[in-house]
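Single chain ahead, by itself, as structure tokens, in the form predicted alone.
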Amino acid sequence: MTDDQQLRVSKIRNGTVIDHITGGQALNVLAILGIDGTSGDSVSVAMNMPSDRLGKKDIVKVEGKELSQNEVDVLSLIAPAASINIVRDFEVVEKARVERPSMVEGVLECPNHNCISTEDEPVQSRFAVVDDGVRCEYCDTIIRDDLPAHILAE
């Protein structure tokens, strides 16, 4: 077996494999998932791997975690070509591509400090997904860059 035929990252027993992440975005995906290495989660990350479709792609494998729809929605904003594979007992039991939602709620913080969603009001943040980013439904502030910096902590 040549080096090119060997697995660079081993299979996982149970969890999620996120493939076809735009090259260089794996660390932002980990930020979206709230994985910083302190919780003891087993995580494998491959960055800038060759890809016929993307040129370069990243892969994230998270043992023991299946993504929520909110996590997938936010993930789709920074990795629109990603595919999500749910693995149980070393077998892929679900496989899906992410789809950009029209709206994300309660997962991003508006950068406008005067926005009603950032005050002490019982209002959940709400962003429309637009071509070049996301737009706050309350104050029309648009976030175009560094989306992971606006993810609300759980």
Partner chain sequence: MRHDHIISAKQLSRADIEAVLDHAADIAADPAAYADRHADTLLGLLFFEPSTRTKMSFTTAMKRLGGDIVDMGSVESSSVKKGESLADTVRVVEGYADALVLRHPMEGSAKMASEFVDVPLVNAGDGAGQHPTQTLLDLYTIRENAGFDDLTIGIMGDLKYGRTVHSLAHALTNVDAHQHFISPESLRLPRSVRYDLHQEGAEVREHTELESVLPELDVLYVTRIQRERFPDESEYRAVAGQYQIDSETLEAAKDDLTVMHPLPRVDEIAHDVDDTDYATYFEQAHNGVPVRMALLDMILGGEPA
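Numbering follows the first chain given and starts at 1. As the structure is a computational prediction, the values presented were derived from the model and not from experiment.
FYI, the form predicted in complex with its partner chain isn't displayed, but the following is about it.
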query: Partner-proximal stretch of 22 to 30, 53 to 61, 90 to 98, 117 to 125 relative to its partner chain in the predicted bound form, 4.5 angstroms, heavy atom; finding: 117 to 125
query: Non-hydrogen atom contact D132 with its partner chain in the predicted bound form at 4.5 angstroms; finding: yes
query: K11 within 4.5 Å of its partner chain in the predicted bound form, heavy atoms; finding: no
query: Distance check, D140 to its partner chain in the predicted bound form, heavy atom within 4.5 Å; finding: yes
query: Non-hydrogen atom contact N112 with its partner chain in the predicted bound form at 4.5 angstroms; finding: yes
